[in-house]
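Quick setup: one chain, the form predicted on its own, written in structure tokens, and binding and motion questions come after.
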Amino acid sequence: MAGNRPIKFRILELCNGGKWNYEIVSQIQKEYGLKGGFHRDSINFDIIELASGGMLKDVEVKVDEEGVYKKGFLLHKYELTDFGKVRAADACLMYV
């Protein structure tokens, strides 16, 4: 299903309604069969790129005390912006 579309498109789908970066990364790794720290960080970078492009917005931040992503690093909760919804609809990912 999701493994056939570009990862950034799938990230946009997952963020509709809001998700933490570690939840997104974990879901993408599972769906696309990606393992290890390199892929984890690459997916997180894709999330950051989508946020810097205005398609996602950072709505909450907390320190990773438990090590769910990387202990001591910041965890970010992202939501799809209106611009992100339009771009996702343009790519036939979801209805606006």
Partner chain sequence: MDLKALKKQEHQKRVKYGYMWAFFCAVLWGMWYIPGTTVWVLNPFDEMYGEIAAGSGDGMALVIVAVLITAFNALTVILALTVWNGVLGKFGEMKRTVKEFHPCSKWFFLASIFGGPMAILGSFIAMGFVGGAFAAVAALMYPVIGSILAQKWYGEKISKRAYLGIAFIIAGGITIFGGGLLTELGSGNVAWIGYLGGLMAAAGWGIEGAIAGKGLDIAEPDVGLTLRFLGENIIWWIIIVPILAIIGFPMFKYAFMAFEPLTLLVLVFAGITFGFCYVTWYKSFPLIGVGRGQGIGNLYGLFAVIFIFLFFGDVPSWTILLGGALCLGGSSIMFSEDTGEMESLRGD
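Numbering follows the first chain given and starts at 1. Just so you know, these numbers come straight off a predicted model, no measurement behind them.
Keep in mind that the form predicted together with its partner chain is missing from the display, and what follows is about it.
In the model of the complex, no heavy atom of residue 35 sits within 4.5 Å of its partner chain. Using a 4.5 angstroms limit between non-hydrogen atoms, residue 12 touches its partner chain in the model of the complex. Although the partner is absent from this view, residue 87 contacts its partner chain in the model of the complex, with a non-hydrogen atom inside 4.5 angstroms. The closest heavy atom approach of residue 76 to its partner chain in the model of the complex falls within 4.5 Å. The putative spot formed by 6, 49 and 72 is fully lined by its partner chain in the model of the complex; each residue has a non-hydrogen atom within 4.5 angstroms of it. Scanning 52-74 for heavy atoms within 4.5 Å of its partner chain in the model of the complex gives 52, 55, 58, 61, 62, 63, 72, 73, 74 in sequence order.
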